[in-house]
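The same protein chain appears twice below, in two forms, each given on its own as structure tokens and labelled structure 1 and structure 2.
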Structure 1
Amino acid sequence: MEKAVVVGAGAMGHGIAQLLAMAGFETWLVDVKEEILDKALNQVRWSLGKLVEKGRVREEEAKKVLERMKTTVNLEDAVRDAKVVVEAVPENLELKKQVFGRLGKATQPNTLLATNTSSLSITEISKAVEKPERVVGMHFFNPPVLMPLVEVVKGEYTSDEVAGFAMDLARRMGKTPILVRKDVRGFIVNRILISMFTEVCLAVCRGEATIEVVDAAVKYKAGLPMGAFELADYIGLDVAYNISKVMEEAYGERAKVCPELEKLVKEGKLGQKTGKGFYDWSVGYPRIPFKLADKYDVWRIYVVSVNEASWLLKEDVATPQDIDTAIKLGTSWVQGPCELGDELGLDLVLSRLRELHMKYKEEIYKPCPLLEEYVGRGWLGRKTKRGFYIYE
């Protein structure tokens, strides 16, 4: 049986390990403490139980998946004869480089080394390994067992063969891979999510809306599966904060860290996993009142996400199709930002951005030059049969 190893047994790590075991690999989960590994295996048992309950996996298969899963605190022993290693330790560049330094030495020269970083530079991480061409980004989405997307990210040194292997591996794990053409911070999905989060944080910080008001509008008017603050709590505020810091460093004022998020993280309130975050999770999922949905204008999140998609296109990170697919599969939005922009009308999106920029002087609303160019050419979306897409 081929061997796979996942380093880091947190929310993402144990889910990725479960997927590898479900894909037929003998899968070793590595972390620094036995208690963490025990907890992770319990979560895998729960998840497999749910999949059996829903008829997605047969009971005998679930048993075999568990038999294929092993745990250890000894990284070097685990990875020695592995075909694939996926790293899923916390989002800290120095820590990831340390782990990759050890992986580079302990693995066979042709072992695929993937990082599940959500925002850091694949190129930087790969520099810790003697043969950086075998390092690739494989970014899974929370919860990895249910979310169908993997962003496969090539660093500067990643070989085409390794990127192709990562794409195949993601497919073998039952996922749809999207190749991210450039190693930009936040890749595709987190660029769009952070633009939305920056806007809603500004709205709350300016006192224009409460957290519940925003989330009610996001859920019931925009039709997203979770409110923006609810989602941040769900993925973990420490995770959201680490991503935000990387994004702020890369994009400056356009991706300012939300002060409320920073405050909660400093207080140890990390969302669902600690019982408190933007919401109180000790009583279960937040109850977001439907009646508040009209008190925040969801066009504001629409226009910032269309604007961010324009930046991604301008930087040649992905095609409109790939941006839309990534957002739909990675976050369960019904429409991607390019489809949405074309439907709303790019001229209306642009004029709303200009209005917001004039009023608030915030970078997040500054229109991307590509959007201005499209509108200048009369490419306004569906209504002119040309926008991000061409319509027959």
Structure 2
Amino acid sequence: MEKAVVVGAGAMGHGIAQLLAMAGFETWLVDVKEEILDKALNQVRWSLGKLVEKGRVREEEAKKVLERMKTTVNLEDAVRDAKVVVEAVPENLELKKQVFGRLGKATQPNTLLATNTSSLSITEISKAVEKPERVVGMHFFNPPVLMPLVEVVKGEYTSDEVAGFAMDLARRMGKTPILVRKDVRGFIVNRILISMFTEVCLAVCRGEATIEVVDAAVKYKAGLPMGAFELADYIGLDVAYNISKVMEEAYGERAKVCPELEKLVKEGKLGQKTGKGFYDWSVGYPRIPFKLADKYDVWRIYVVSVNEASWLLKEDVATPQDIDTAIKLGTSWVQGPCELGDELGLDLVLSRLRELHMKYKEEIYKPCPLLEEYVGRGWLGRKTKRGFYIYE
């Protein structure tokens, strides 16, 4: 039986380990304390039980999955003969580099080394390994067992063979992989989400809307599954803040950290998991009034999302199809930003961005040169049969 190892037994780690075991691997889960590993296995048992209840997995198969799972606190022993190692430790670059330094020495030269980072540099992490070409990003979404998307990210040194193997591995785990061709911060999904979050935070900080007004518009007018602030609370404000810091370092004023987010994190109010964040979860799930939905113009989140997708295309990070697929699978949006831009009309998107940029002088509204080029060529979307896509 092929052997896989997951380093880090937190919410993401034990979920990824469960997926590998379900895919037929002898799967070892590694962490620093036995009690962490025991808790992780209990979570896997619970998850498998739910899958059995819903008829998605037979009971006998669930038992076999558990039999294929092992735990240990000894990283070097676990990875020595592994075919695949997925690192899922906390989102800290130095910590991840330390782990990969150990992995590079303890694994076989042909072992795939994947990092489950949501925003950090694959290239920087891979420098800790003697053969950095075998390091690749595999960004799973939470919860890994249920979310269908994996962003497979090529670092500067990642070989095509390794990226292809990671794509095949994700498919074997029942996921839809999207190739991120360049090692940019935030990859695809978080690039788009942070652009949207930056816009709504600016609107709230300027006093133009309240948190509830924004979320009502996002949910009931834009039709997204969760409000922007509601989603941040659900993910965890510490996670959102760490991603935002990485994005701000990479893109400057275009992705500046929301002051209110920073304030809440410093106060230890991290969202649903601590009972308080943007909302007070101690009294139950946020009730966002429908009557507030018309008080914020959702075109603003539309245009910044389309603009950020344009930057991804300009940087040759992914194709329009892959950007849209990643957003739809990773966030449950009905349309991806490229599809949305073509439907709205790229000329109208550009006009609105220019208007917002002129009014507020914020970098988030500065139009991407590629968007300006498309409009200049008359590629306005569906109405001209050419935009991000070509229409017959």
Ligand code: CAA
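No experiment lies behind these values; they were computed from the predicted model shown. Here, residue number means position along structure 1's sequence, counting from 1. Here, rigid core means the biggest group of C-alpha atoms that superpose within 1.5 Å across both forms.
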Sort out for me whether 1 or 2 is the form predicted in complex with this ligand. 1
Assuming a two-part rigid motion between structures 1 and 2, is Val136 grouped with Gly275? no
What angle, to the whole degree, separates the smaller rigid part's two positions between structures 1 and 2 once the larger part is lined up on its C-alpha atoms? 9
Rigid core fixed, the Cα of Lys33 shifts between structures 1 and 2, in Å, by 3.4
